[in-house]
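Below you'll find only one chain, the form predicted on its own, shown as structure tokens.
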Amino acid sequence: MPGSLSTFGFKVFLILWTLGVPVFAAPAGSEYPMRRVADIFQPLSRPAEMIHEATVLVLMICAAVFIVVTGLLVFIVVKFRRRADDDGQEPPQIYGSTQIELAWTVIPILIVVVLILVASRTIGEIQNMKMPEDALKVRVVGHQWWWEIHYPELGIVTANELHIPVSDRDPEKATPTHLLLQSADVIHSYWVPQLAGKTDLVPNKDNELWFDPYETGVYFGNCAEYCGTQHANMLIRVIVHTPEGFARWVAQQKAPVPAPQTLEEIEGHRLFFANACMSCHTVDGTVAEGVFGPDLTKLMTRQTLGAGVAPITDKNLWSWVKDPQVLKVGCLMPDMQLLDPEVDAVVAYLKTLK
């Protein structure tokens, strides 16, 4: 029964998340609003605005084609419908109308050419945009099924949640964020609809993406390329701060992690290093230097677990340590077969990582 309830709740979560309903509230005291998911018609960054403008033009052209074709179809159906006095004879046929042939050949070609030019221009403007020297540089590495995030110039490593400063609407004053996209295993795709278009992360190839959000908030996205069992739960959060808020976040990430104090925290620290945790995860200032799982140095400063599958709460953290497969079936983190008191201790230690 608990497994069934968990599966049902997970399905409800996926439906709400897909529809754009904010399933996680903003953290207590947060100054940043939660933005709706996948709302491409409310762009809040220059790349997203360029894509939006091209999208509107394409939709208008498609709507015009639909109206013309449907109108002609309705006209023909009504005008040439079977009548009561119909003698059943086939009406005279007209063959080889040069004007009609030209119309339905040339007009579609012109429409396709216009669409190609619009798409090419939009792609070119986005990809060829020159980044200013003060652009924030971030390296994002896609894993099954989570995001590794590096700030090389700041010396910060985190996971799943991208923190960036807000930009200015004036292109001359904009402070964009430039992402270098890489993959550690299979093809992924980074997509935050309100900020930019989809960009693939391909093994052994570097791709690039940039955006300059105009408003603070928590923006949602997800992996847009099927990458395995938990593809749907490879979620993205982009947290756009005020310049002051981003500076505080950077200082928080660089601050040393406090040492465990209580007996339970100390025991959890021992268990963390006695088991395989340190083989996959990194905790700055310790011998834990694993690279197969997310960096846990500032775990408790994040909003969610498992690349967005659940908010960080005592209950969810306990469940995750006890058996990660409960919250994220198929994830590559194994069940360590810890006893409940050992899970309590490990959770107590993890809660010191802030």
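Residue numbers run from 1 along the displayed sequence. Every value quoted in this text rests on a predicted model; they were computed, and no experiment measured them.
There is another form of this protein, the form predicted together with a small molecule, and it is not shown here; the text below is about that form.
Taken together, the three residues Leu299, Leu305 and Leu332 all come within 4.5 Å of the small molecule in the model of the complex, as judged by their closest heavy atom.
Proximity of His269 to the small molecule in the model of the complex falls outside the 4.5 Å heavy atom cutoff. The shortest heavy atom separation between Trp146 and the small molecule in the model of the complex is within 4.5 Å. In the model of the complex, the small molecule lies within 4.5 Å of some heavy atom of Phe292.
Contact check for His241: no non-hydrogen atom falls within 4.5 Å of the small molecule in the model of the complex. Looking at 78-86, 256-264, 273-281, 166-174, the stretch with residues near the small molecule in the model of the complex, meaning non-hydrogen atoms within 4.5 angstroms, turns out to be 273-281. Residue in contact with the small molecule in the model of the complex (any heavy atom within 4.5 Å), chosen from Asn160, Gln182, Thr122, Thr216: Asn160.
Of the residues Leu327, Ile51, Leu317, Ala288, just one reaches the small molecule in the model of the complex with a heavy atom at 4.5 Å or closer; this is Leu317.
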